[in-house]
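Just the one chain here, laid out as structure tokens, in the form predicted alone.
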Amino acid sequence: MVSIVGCGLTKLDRYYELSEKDLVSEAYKQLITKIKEYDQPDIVIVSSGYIDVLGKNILSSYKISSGLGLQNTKVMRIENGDNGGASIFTAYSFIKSGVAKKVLLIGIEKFSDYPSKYVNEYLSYNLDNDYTYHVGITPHAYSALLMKKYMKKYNVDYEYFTKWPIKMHQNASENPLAYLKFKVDKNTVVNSQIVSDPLRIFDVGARADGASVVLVTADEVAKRYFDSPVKIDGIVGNIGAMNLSDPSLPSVAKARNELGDLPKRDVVYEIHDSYSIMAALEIEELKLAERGKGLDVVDSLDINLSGGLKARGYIGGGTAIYQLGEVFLHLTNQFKGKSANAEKGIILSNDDLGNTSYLAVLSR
């Protein structure tokens, strides 16, 4: 079995004065002051989608690990767009196979050093290079088209989508680490700036700077670091192009099919709500709600209690490592925001348009 024994999370914000190494160092300090015993990890995995293009930073795993004073370890960076789930899957596999007993997961992204027009350009690298990217389509435009198709198919108007940002901002207002710690009402969301009709600014995950570190170990050494480690029961993943003509996310459905039916009670969920439409589709693909009614159940589930990408903030390829730390804190009764008395935690990590997905299941 594989266990989580500690984490460190920075507050998400804009940090013009700090580098990626500075942010990771801050998160790492939190981790080593919380665990009972400190020694160096066997492997360090840096999860970042854009550190090379936004930070002009190649060989970042070596630089970041050296900055933490780590030596005699193996390092690597995993880039899978916005999908940090691949990094969790790799750490889990290293430990499960016996290749390593201690893996340090690092999630890092800095968006604030560039204006949105440049960041939009880099995030569009996720799109197909042969066709869509070079004709100027962006992920925002895709999500707007998904919204339109969803609205037509299920005969819902824009107000249906306001349920998500209203709930996420409500959750974030209680989370001391959240980027956007304020509540919003329906009128504010409906009258907010249009990004790509019908997509409005409150439908888009809030890009922020931040870092997270999570120490994952083999079961037999876990209690050297923490008395009540959290188990990673399993992690599955799959691919499948987002279906624009019949709004759906095949990659999420395939990953969920590998796990079977998912619980609705005594469980806390963290999903990748890059857009309000993605939150609706992800909830439906996980079979937590009927088709066309994904956002009708947000008040009945413990989902994105952090405030999600929408309001806690979105740190690109580091997001899943941040979610892993948050769920660990929930399951060990350390989460300082709105908390869930849950026995299990489930993380859905996918890229912003859901073409690749990972589902991780955690338990006390």
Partner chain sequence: MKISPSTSWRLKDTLYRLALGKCKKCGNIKFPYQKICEVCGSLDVEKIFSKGTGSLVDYTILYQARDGFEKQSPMIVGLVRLDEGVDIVAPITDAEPSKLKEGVRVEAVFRRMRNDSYNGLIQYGIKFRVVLDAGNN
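Numbering follows the first chain given and starts at 1. What you are looking at is a predicted structure, and each value in this text was computed from that prediction instead of being measured.
One more form of this protein exists, namely the form predicted in complex with the partner chain; it is left out here, but the text below deals with it.
Engineer: Identify, from the list Tyr114, Tyr154, Tyr158, Tyr133, the residue with a heavy atom within 4.5 Å of the partner chain in the predicted bound form.
Structural biologist: None of the other options qualify; the answer is Tyr133.
Engineer: Of the residues Arg256, His140, Lys163, Lys102, which one places a heavy atom within 4.5 Å of the partner chain in the predicted bound form?
Structural biologist: That would be His140.
Engineer: Tell me which of 117-125, 257-265, 77-85, 171-179 has residues with heavy atoms within 4.5 angstroms of the partner chain in the predicted bound form?
Structural biologist: Of the options, only 117-125 has residues within 4.5 Å of the partner.
Engineer: Give a yes or no for Val195: in the predicted bound form, does one of its heavy atoms lie within 4.5 Å of a heavy atom belonging to the partner chain?
Structural biologist: So Val195 counts as contacting the partner chain.
Engineer: Tell me, yes or no, whether Leu288 is in contact with the partner chain in the predicted bound form, where a contact means a heavy atom of each within 4.5 Å.
Structural biologist: Although the partner chain is absent here, Leu288 would stay clear of it in the predicted bound form, with no heavy atoms inside 4.5 Å.
Engineer: Closest heavy atom of Arg224 to the partner chain in the predicted bound form, within 4.5 Å or not?
Structural biologist: Because no heavy atom of Arg224 falls inside 4.5 Å of the partner chain in the predicted bound form, the answer is no.
Engineer: I'd like to know whether Leu244 contacts the partner chain in the predicted bound form, with contact meaning heavy atoms within 4.5 angstroms.
Structural biologist: Within the cut-off, so yes.
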